[in-house]
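Take a look at this one chain, the form predicted on its own, written out in structure tokens.
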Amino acid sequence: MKKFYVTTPIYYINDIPHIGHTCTTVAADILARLHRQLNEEVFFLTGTDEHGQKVAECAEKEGIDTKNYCDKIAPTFINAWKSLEISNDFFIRTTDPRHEKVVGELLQKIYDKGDVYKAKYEGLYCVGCEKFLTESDLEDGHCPLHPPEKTVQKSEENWFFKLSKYAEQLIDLIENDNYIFPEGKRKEVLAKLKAGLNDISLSRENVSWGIPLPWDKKQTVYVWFDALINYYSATQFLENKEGFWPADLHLLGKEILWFHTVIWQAMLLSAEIELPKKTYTHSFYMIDGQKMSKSLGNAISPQQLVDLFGVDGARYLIARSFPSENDSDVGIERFKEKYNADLANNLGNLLSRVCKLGEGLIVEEVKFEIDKKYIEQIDNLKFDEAIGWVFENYVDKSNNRLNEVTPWKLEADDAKRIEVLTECAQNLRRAAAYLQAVMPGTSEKILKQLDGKIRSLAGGLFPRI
């Protein structure tokens, strides 16, 4: 069987799940489900990033042991993904001793290669990102993603990774064997690489909550080096997951582009491990025209979406608004409008009409293959286009046909009435097959209603909000 390995970033547990985490996880789940539907063997990985200074500080604020804090927060992500019926094959936590072991082994390979040296770091550091900053990272003298007070001066003696050694090799790979998508992100990374590459600290001397370096137990692994290795470590210690590395796709948000497309790749080159085939960097959600922030209190949680729109309604709305190449402006009221227009008034209403008018009619199964263009669009994270194509060809077309023929005005045994209702039922079956990865529960219900014959529908598919 063909194998397909897709990952989300592992989410940092200084926060609870919000719509940003949700969109990446739902996107990965849609891909995983589609590739299973295509009879491929899939490994879908997500998880939590649990080491570093910020986690220790959060635990201290709550007055609890750091590991206990991690054990308390990690289930909020596990449960959020369960509520959205996310089909991940494994949930990795970086506090898992098996992961920690692989981190030590991989970093030892980098050390043995001669790609590590000790030096003093003096410069700016963003506490919010847990990231050492270069001039190109700054905006008005501080990290653009966090308040100015989060950017601080640091002076530490750390172990450094010879990132600059791999600059030319990375440029060559990106130009000739590209792994960075979409194209705008490839250009962004290339421009930054060509402007010059500095070596990067791979350890911290004053952060106790981390994995000790294998060759210097007084220092811990810099949280980003630890976190990135999760994608590889999960394939090393799980049963029956052999042959999945290299990953087919790393899905990530744009704030972690550099780590995944430069630092992670250079680490793998140094350790002589095959590189992932593709990274896809999506943009952000804006909430009613504003950036999502704790201070504004405008974050939307996955549970809010499920409570309002149901599991499949929430998944559909995320897919249709997925911030692929540009930021996507959303909000609860806009989601309600989209839900009512597409799901309650369109898809749900179509099934309701077909089941009511055509109850008992025989529906012969029409075998067909998923269109290659649809697969390509999903693989390229063009969910809105792909789903729009399904609606246009099967849902909208059927509603238009019903309105043209008006079967409710014809006798039950009228050939024209039977023909149009059968045609619409078959279109609904096709739509359900296509939407299986996006709305698995809905697809199952539609197919059950139209399995062999049209059955009466108890209640609506998507109650109007």
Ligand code: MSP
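As the structure is a computational prediction, the values presented were derived from the model and not from experiment. Sequential numbering from 1, following the sequence displayed.
Note that the form predicted in complex with the ligand isn't included here; everything after this is about it.
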Could you tell me which stretch in 267-275, 346-354, 224-232, 183-191 has residues with non-hydrogen atoms within 4.5 Å of the ligand in the predicted complex? 224-232
With a 4.5 Å heavy atom cut-off, would you call Ile10 a contact of the ligand in the predicted complex? yes
Do Phe237 and the ligand come within 4.5 Å of each other in the predicted complex, heavy atoms counted? no
Tell me, yes or no, whether Gln377 is in contact with the ligand in the predicted complex, where a contact means a heavy atom of each within 4.5 Å. no
Heavy atoms within 4.5 Å of the ligand in the predicted complex: does Lys291 have any? yes
Could you spot which one of Val207, Ile256, Leu124, Leu173 gets a heavy atom to within 4.5 Å of the ligand in the predicted complex? Ile256
Just give me the single entry in Leu252, Val116, Ala319, Cys143 that has a non-hydrogen atom within 4.5 angstroms of the ligand in the predicted complex. Leu252
Quick one: which residues from 263-295 get a non-hydrogen atom within 4.5 Å of the ligand in the predicted complex? His282, Ser283, Phe284, Tyr285, Lys291, Met292
